[in-house]
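Presented as structure tokens, the chain that follows is alone, the form predicted alone.
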């Protein structure tokens, strides 16, 4: 009888020990993680701490990625609709600027970095993710190739508006897209966006030759 009681007692201790090991230290909360990030972030003239604040859409995408699931289709549609509704199209209804300036913007990765001066003009850094002009052999492949973008699609008003909206806020078409919100986040000015548009759509741009 004593042996049986001792065995049960030992088994109970082992189970309790396993439970303790399995549980481990308490994981930090989302709030604690954000506070830790903000406390380690040094704000500069161009890199502000508010860039760590997530929008409703970013929070939804982060949660979905954390649990390894896609966004609920209805949530995705709602978020994309809100993003599209927030797009500001050119007041003068003119979409194309200078493709040569557009190429410079696409090449530039400066602006909004902790090492940039306050008056640094931001670029688009488009080549980091896309092939655009085939003359440029250094480019990323996170995004699709944009070579012959205008040649393949034409310059109709629907194409102009779609391309503008995609650059302004790509989340309007893909809620959890990696592409920066160039217009919505104020990275590029309206004039700069027109120049990038010209790079993609102007028939005289080398992109469409």
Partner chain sequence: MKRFIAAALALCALPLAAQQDAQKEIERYRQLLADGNPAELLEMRGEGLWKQKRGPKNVSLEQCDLGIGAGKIEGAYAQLPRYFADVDRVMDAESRIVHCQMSLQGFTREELTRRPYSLTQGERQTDHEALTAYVVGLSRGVKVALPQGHPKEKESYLRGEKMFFYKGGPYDFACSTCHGVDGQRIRLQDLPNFQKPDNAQRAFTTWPAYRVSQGAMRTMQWRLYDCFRQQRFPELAFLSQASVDLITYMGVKAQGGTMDSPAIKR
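Numbering follows the first chain given and starts at 1. From a predicted model like this one, the values you see are computed outputs, not experimental measurements.
Keep in mind the form predicted together with its partner chain is missing from the figure; the text below concerns it.
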Quick one: from 128, 87, 75, 81, grab the residue that has a heavy atom within 4.5 Å of its partner chain in the model of the complex. 128
Taking its partner chain in the model of the complex as the reference, which of 173, 162, 41, 147 has a non-hydrogen atom within 4.5 Å? 41
With the partner left out here, check for me: in the model of the complex, does some heavy atom of residue 28 sit within 4.5 Å of its partner chain? yes
Residue contact check: residue 136 to its partner chain in the model of the complex, 4.5 Å heavy atom: yes
In the model of the complex, does residue 110 have a heavy atom within 4.5 Å of its partner chain? yes
Taking heavy atoms and a 4.5 Å cut-off, does residue 66 contact its partner chain in the model of the complex? yes
